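First, one chain by itself in structure tokens, the form predicted alone.
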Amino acid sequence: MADLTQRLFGTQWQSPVLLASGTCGYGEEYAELIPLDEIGGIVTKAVSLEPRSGNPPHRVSETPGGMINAIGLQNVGLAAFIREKLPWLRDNLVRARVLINVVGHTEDEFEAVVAGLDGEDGFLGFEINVSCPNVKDGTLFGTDPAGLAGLVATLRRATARPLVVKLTPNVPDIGLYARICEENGADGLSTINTFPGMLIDVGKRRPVIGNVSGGVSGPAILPMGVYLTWRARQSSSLPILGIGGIRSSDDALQYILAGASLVQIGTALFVDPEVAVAVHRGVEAYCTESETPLRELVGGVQIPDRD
């Protein structure tokens, strides 16, 4: 069988396939649907300092080629996560790696969540969400170079665990933000989050989403995600987790060839919870047939000469 192992963030990964934040809850919700320990890992639902109730309904709607959502980062908050969610992750996931998605209104809130979790067991590191497109309050760290630099530097001082920063696609040059993360101590990048969008109910002449706008995800954003992952790879040497529109092993391999060491599957899980295992097996089959270890495929896209 093909070698899919990679050593990243100080540990061994058995698979490049993870479940994306916001689509797999805190892991336990999917435990009876797929064998979580057969894939690379999960990125948990967001954790904020205080509980959040999220946005008003409707929160989700289908779109051509995907979906739009405005959940509003609803979550149980730091204390309840440590008390109620983290023990299951610690006791049930052996080979699958866990990253905790962290959100905050301010730099101090991000730091408090990271510091509050730092001494706990049951997870590898953090995915720092600076890019949610449907939260209206707080600093927009993902589009503010100075704010992003300060946040990453502060969190670097707060923990020795891996810090992966989830970047927004809604900037003129994602490479700039990738470099800022690397220069200020990040260990990795997640590219990308959803794109802002809006749907209108023509009969009612009202927005479909209660928050008016939301984040667009699914197959429609695959080309943008692959491109922005490639752009980030041109500007940074950090490991990249590619996200956006992945439904098949071919989709995942596009991200890997563009420069992603790992990939995350999100919206496709709502259609078929077993898709992550299928993608893992498809990547394994490709590497076996091509007699190429996975790590040699990362960033292996061949760009034609432009002379």
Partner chain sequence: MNAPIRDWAEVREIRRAADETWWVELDSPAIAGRARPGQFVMVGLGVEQVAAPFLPRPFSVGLAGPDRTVGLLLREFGAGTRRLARLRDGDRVLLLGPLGQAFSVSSDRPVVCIAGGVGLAPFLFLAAEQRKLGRQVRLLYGERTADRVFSSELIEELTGVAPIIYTEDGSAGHQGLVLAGIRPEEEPALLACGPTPMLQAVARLAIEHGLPLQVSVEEHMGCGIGTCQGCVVRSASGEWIKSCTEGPVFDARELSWPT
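Numbering follows the first chain given and starts at 1. As the structure is a computational prediction, the values presented were derived from the model and not from experiment.
What comes next is about the form predicted in complex with its partner chain, which is not displayed.
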Interface residue in the predicted bound form among 241, 253, 36, 275, criterion: non-hydrogen atom within 4.5 angstroms of its partner chain: 275
Is it the case that residue 23, even though its partner is missing from this view, gets within 4.5 Å of its partner chain in the predicted bound form, heavy atoms only? yes
Is the gap between residue 74 and its partner chain in the predicted bound form 4.5 Å or less for some heavy atom pair? yes
Can you check whether residue 49 is within 4.5 Å of its partner chain in the predicted bound form, heavy atom basis? no
Contact flag, residue 267 vs its partner chain in the predicted bound form, heavy atom cut 4.5 Å: yes
Each of 8, 231 and 289 having a non-hydrogen atom within 4.5 Å of its partner chain in the predicted bound form: is that the case here? no
In the predicted bound form: members of 32 to 56 within 4.5 Å of its partner chain, any heavy atom: 32, 33, 53, 54, 55, 56
